[in-house]
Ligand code: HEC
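Below, in structure tokens: the form predicted alone, a single chain.
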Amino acid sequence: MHPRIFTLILLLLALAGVGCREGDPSPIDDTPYALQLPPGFPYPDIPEDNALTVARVALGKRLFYDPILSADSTISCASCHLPALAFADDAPISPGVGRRLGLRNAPTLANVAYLTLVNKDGGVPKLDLQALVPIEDHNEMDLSILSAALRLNAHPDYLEAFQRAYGEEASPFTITRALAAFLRILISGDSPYDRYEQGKGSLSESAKRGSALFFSERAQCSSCHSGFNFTDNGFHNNGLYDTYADPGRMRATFLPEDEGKFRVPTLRNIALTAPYMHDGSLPGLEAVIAHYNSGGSQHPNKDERIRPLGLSEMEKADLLAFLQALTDSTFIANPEFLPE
């Protein structure tokens, strides 16, 4: 399907629930959800039509862990986004309904509240629409969003939960918004590196050297992995292949200059989210460091910053130690994020 047509369908489906918002409103529990942010994190941009409330977050969390949203009720969002793995997966490509394989490696959901364009190619314009993609994808959950709404409305407890959260029954609008509400609370920013920067903890000497290398002009890692979330949220070709089976950003834009470009991922909890790259082709952080040290492929769209680095074995070990220091153990154990 043409990506622009697909995006239009996403928008139409997401707006389909607006008509249901008219009529006799049901009581809504609009108790605000108090989003806890680490030092230095800005408050995320949250749409007015989906303000964070306790009821919406609770509903989204329940939907996230419930396989009811898949065709055969065997796959939930959490099947491919495991809390212990920073809401990522350890399979190169996650299996969906019928063990069919999806398109790309499942990314971490940490700090997705800060995404402007969603998915590795940026083909979805906002987080509140993203759930439509895995739910309706034949290789993932394989269920029409309209069928999902009918299923949910057949359960009195779900019907009550949707009424409490949005004042209406389950619909494409309310399903996707509830899931987005839960995803927005998945904030991670309490790693050993963060505590060290705040003067509240220590780092090994190796991790300190790795940090200096990471932020140096020589390595230029931080030119793409920048800011509080260690990403510029841009799309770059990192020279993984000479020829790309997956066109990346070009799949959404149809521009040849976007071939092989993918979103720069956050490095938060990166030690937990192997395997790496859009296709899960690099098994560990050592392989990732080796790739960037080599300078990558000769693809014409490769970012000019990807070049041979000439790192010594000690420098590679130091860089690894720094990346491991970005693991937030409180994030993966937070009861607010885990199933009841």
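Quick caveat, the model's predicted, so the values are computed rather than measured. Residues carry their position along the shown sequence, with the first being 1.
Keep in mind the form predicted together with the named molecule is missing from the figure; the text below concerns it.
- Proximity to the named molecule in the model of the complex, defined as a heavy atom within 4.5 Å, singles out one entry of A165, I187, A170, A106, which is A106.
- Listed residues A252, A149, A161, C221 were compared with the named molecule in the model of the complex; C221 is the one with a heavy atom within 4.5 Å.
- Between 151 to 159, 201 to 209, 188 to 196, 266 to 274, the stretch whose residues reach within 4.5 angstroms of the named molecule in the model of the complex through a non-hydrogen atom is 266 to 274.
- Though the partner is left out of this view, D303 does reach within 4.5 Å of the named molecule in the model of the complex, counting heavy atoms only.
- The closest non-hydrogen atom of V54 lies beyond 4.5 Å of the named molecule in the model of the complex.
- Although the partner is absent here, F214 is a contact residue: one of its heavy atoms lies within 4.5 angstroms of the named molecule in the model of the complex.
- For N238, a non-hydrogen atom is located within 4.5 Å of the named molecule in the model of the complex, even though that partner is not displayed.
- Relative to the named molecule in the model of the complex, residues Q36, F41 and N229 are all farther than 4.5 Å at every heavy atom.
- Looking at 157 to 185, the residues that come within 4.5 Å of the named molecule in the model of the complex, counting any heavy atom, are L179, L183.
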